[in-house]
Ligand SMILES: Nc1ncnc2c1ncn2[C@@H]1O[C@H](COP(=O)(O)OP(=O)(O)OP(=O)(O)O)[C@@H](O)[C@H]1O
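In the block that follows, a single chain appears as structure tokens, in the form predicted on its own.
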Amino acid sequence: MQFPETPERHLPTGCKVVAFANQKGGVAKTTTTLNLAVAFAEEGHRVLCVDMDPQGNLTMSQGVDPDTLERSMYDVLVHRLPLREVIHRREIDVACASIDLAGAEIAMSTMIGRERALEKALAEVKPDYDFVFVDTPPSLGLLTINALTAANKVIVPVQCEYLSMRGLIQLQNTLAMIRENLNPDVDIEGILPTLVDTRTLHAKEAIELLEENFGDRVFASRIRKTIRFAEAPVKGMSVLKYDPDGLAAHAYRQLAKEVLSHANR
């Protein structure tokens, strides 16, 4: 995969927006968005996470109750509220979501330029951050299209099961449409095998199939199944904070190094 030239180690040059997308649910999309963001922050980067999922799992994973929010990403997208007004400072900065976001697609349906609502909202805060990570809902609707329109790159978490991987084709078709009509520069940064159970032959075959079809777009990092991913959000924190020396935290630190090395190419 070709990446733009960047100066040695002077990363990043301007704020990079990375969307985490897969229309299939339960593939560790939110887990990856949060923990990779915290790993980037450990490396000294200024990171904002934007929760674009009405379920608000990313918001809850940082100890914020979506049901108590007076303002959320719904107000940013529909009422043009400044993005700064929905940012909560936790381990990293989080632009929070609530269940109201479920009504955003209908509320935005008659808006001119509705696909660019997130892109416009991010413009005012980009100077404050090196990276913006956008967590998307498990669908290819208007919220995900907003994320892909605003993004420079897309990371695709994929559970190592055959049915999960079939959704990649649909995502690629959506990306092709967005490149043609809305954002010609967006591209897949990498495909991340998640929830890997290394004991099963099926997982090994699934990874081989991914690598056959997508080559070096598949990250070398692997995110294995662990109970830590269920336990950490209950405590309102990332796995890196909850179990800093565990295998899960190590995996996301390795992924952070891999993603940053890609951007340095």
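Just so it is clear, the structure is predicted and the values come from calculations on it, not from any experiment. Residue positions are given as counts along the sequence shown, with the first one as 1.
This protein has a second form, the form predicted together with this ligand, left out of what is shown; the following refers to that one.
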>> Considering non-hydrogen atoms and a 4.5 Å limit, does this ligand approach residue 25 in the model of the complex?
In response: yes
> Would residue 224 count as touching this ligand in the model of the complex under a 4.5 Å heavy atom rule?
Replying inline: yes
> Can any non-hydrogen atom of residue 167 be found within 4.5 angstroms of this ligand in the model of the complex?
Replying inline: no
> With the partner left out of view, is residue 138 within 4.5 angstroms of this ligand in the model of the complex by any non-hydrogen atom?
Replying inline: yes
> Can you pick the one in 175, 107, 195, 81 that has a heavy atom within 4.5 Å of this ligand in the model of the complex?
Replying inline: 195
> Pick from 37-45, 207-215, 65-73, 50-58: which stretch has non-hydrogen atoms within 4.5 Å of this ligand in the model of the complex?
Replying inline: 50-58
